[in-house]
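Read the single chain below, which is given as structure tokens and is the form predicted on its own.
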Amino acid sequence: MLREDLIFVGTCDIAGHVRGKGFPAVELPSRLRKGIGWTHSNMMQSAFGPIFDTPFGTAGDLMIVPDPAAEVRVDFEDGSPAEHFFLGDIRNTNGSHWECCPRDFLRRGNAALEQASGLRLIATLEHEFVYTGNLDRPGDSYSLSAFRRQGGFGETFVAALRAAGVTPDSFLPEYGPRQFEVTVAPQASLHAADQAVITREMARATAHRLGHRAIFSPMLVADGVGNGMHIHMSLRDAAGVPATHDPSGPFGLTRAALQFAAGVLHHLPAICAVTAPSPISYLRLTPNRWAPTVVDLVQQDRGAAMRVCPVFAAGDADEVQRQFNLEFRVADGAASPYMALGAVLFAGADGIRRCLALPPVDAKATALPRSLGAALKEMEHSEAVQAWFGPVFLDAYLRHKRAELDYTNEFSVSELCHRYAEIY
């Protein structure tokens, strides 16, 4: 059958969806400069599709410009068209960054960390998801049986990741029914967020070709186990030397890492509106779900908001330094990786800039917001978040999420879970 190669360019937006446009592959040289046409209110598309509210109206023009460092071309060798797409930046028509570009929000978070400390962040975003090609069978948590019965999905998914330039680390059956987890190698923060988007899309692309779905919704059923997106991160100095671990420091952390963690905890009630950005995100963040419920930093505890991770069989002190990392656990697959990681970076950078201290060990931990509405109020009233976003982006974000809340307000819990499973 006659075909002409097409390329898609997009970005992962406020709703956590990759949206953009396609173009003939022969036009790539010019598209690397001028991108594809976009408009301001495209950013206001809800997770469900319609634009419920927008401060931008119908006016204005933008462009999504492909980043050559974020190109994916994966041929599944099954006769279907290759997955060929770029992730890119939303720019004004003169080429400058648009103030509401999610990818540039992360870049600005990077710059804030470097300005505050001279350090940069290395990260990887670990995803949990449900693969519908497996049967829901009792006793399957972490089992060889569940691993076996996913058939060729895992092998094809891992091969697709590697072909897309992502280095796979692990693929495993998780605790929930039909739930799996994937981890990939850490990278500098912008590349790590790109990899997180690519990982989701390769899971979806693989499942699609097998006649199934990979679902990243925070909660599929009201009484079930949630899907998280856990952010593992460590600090490096300008020369690339690890700067997170100090064996004599509290929790084994350097002074900068302690202040970074303190900043994240200090701002967590506000930034969880970005990292856990859907109504059902807060159904996951409840007791007995292996998910955080309070603002805390704990050594090797998967119920903590931030976890000091273990070091495995390190051969020497240098390997301990390389392995040592913190894990942020108040995030899920409804979030844009750019925005989630950017918010954490801004918060951590502020902790370093202000030399913040961790809460006293014997202090009662503050509860996380119990709803997206409560988190949005914390976000709106935070002077720091106002500065990080700027007035236009903050207004757009708050309106986007409050419109989503209004739309879903009458849904029962079971309908919420069903509807979000359809879209994520």
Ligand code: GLU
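The first residue of the sequence shown is number 1, and the count goes up from there. Small disclaimer: the values here were computed from a predicted structure and weren't measured.
This protein has a second form, the form predicted in complex with glutamic acid (GLU), left out of what is shown; the following refers to that one.
Using heavy atoms only and a 4.5 Å cut-off, determine which of 243, 74, 225, 215 is in contact with glutamic acid (GLU) in the model of the complex.
So the residue touching glutamic acid (GLU) in the model of the complex, by this definition, is 225.
Of 123, 146, 253, 291, which residue is found within 4.5 angstroms of glutamic acid (GLU) in the model of the complex when only non-hydrogen atoms are counted?
In short, 291.
Please pick out the stretch from 282-290, 193-201, 257-265, 310-318 that is in contact with glutamic acid (GLU) in the model of the complex, where contact means heavy atoms within 4.5 Å.
Heavy-atom contact with the partner occurs in 282-290.
With a 4.5 Å heavy atom cut-off, would you call residue 174 a contact of glutamic acid (GLU) in the model of the complex?
Heavy-atom contact with glutamic acid (GLU) at 4.5 Å: present for residue 174.
According to a 4.5 angstroms non-hydrogen atom cut-off, is residue 128 in contact with glutamic acid (GLU) in the model of the complex?
Heavy-atom contact with glutamic acid (GLU) at 4.5 Å: present for residue 128.
Even though glutamic acid (GLU) is not shown here, does residue 181 get within 4.5 Å of it in the model of the complex, heavy atoms only?
Taking the distances in the model of the complex, the answer for residue 181 is yes, it comes within 4.5 Å of glutamic acid (GLU).
Even though the partner isn't displayed, in the model of the complex is residue 103 close enough to glutamic acid (GLU), meaning a heavy atom within 4.5 Å?
Residue-level check for residue 103: no, no contact with glutamic acid (GLU).
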